[in-house]
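A lone chain, given as structure tokens: the form predicted alone.
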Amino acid sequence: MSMVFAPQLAEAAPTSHAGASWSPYDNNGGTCVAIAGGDYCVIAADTRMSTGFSILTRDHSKIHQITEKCVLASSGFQADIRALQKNLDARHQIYQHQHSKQMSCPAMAQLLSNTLYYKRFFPYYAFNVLGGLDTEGKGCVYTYDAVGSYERSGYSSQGSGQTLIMPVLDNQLKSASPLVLPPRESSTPLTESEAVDLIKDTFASAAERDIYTGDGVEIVIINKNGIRRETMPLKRD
């Protein structure tokens, strides 16, 4: 009796992609903080950029100057953040050509809100804090979600260290509720140097607990004399 041996067929490759995952977004971590005073605004961010458990660079600035009195700090997906910054720069340049002046910080706050809301169906993965001086020379801070909802406040924080920093700021500053009548100032009672020291303390504390915050902190101070920058080292591990 002859026997026929059929060759073994290789197992078919699985056709299901249920286990595969891909996202157009990444979270590169980092923390931003801003405090507004009567005649100044301090805005700061750490310089670490990460993905997962890897540090991509220890010297990446998350702060972008848009005008002479307006600065944007952003945390989230750095590719989307860069695209957002270029969009705002282009629109501000158009505004300057049309009006022969720079956009005010409150106007830039509204433009940023409109820009984020326009992309609400495929949002910029960016969490922003806008700080500067308003038309009266008072400090102002605007805080945003990813799709453009925003409010003016005396202080704010965004990013991976937000849950560590905001309770400290709430305890130290206690911003007035917008429901309080008559309306009260949204700026904080701190002096400029006190605000800088508070920001340094909050970042030093957050860097102890948040692995995505560290290496250094870049601090930008905006007042009637212009913009100046300071840096402070943080934990590098």
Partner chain sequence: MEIDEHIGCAMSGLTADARTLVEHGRVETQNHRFSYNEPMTVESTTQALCDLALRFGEGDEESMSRPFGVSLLIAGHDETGPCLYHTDPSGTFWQCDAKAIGSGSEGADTSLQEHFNKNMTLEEAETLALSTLKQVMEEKVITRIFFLNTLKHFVPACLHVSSWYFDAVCMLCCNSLVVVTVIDMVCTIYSHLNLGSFDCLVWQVTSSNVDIAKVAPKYHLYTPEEVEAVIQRL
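Positions refer to the first chain, counted from 1. All values reported here derive from a predicted model rather than from experimental measurement.
The following text describes the form predicted together with the partner chain, which does not appear among the structures shown.
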Quick check for you: of 151-159, 124-132, 71-79, 96-104, which stretch puts a non-hydrogen atom within 4.5 Å of the partner chain in the model of the complex? 96-104
I'd like to know if Gln110 sits close to the partner chain in the model of the complex, meaning any non-hydrogen atom pair within 4.5 angstroms. yes
With the partner left out of view, is Arg91 within 4.5 angstroms of the partner chain in the model of the complex by any non-hydrogen atom? yes
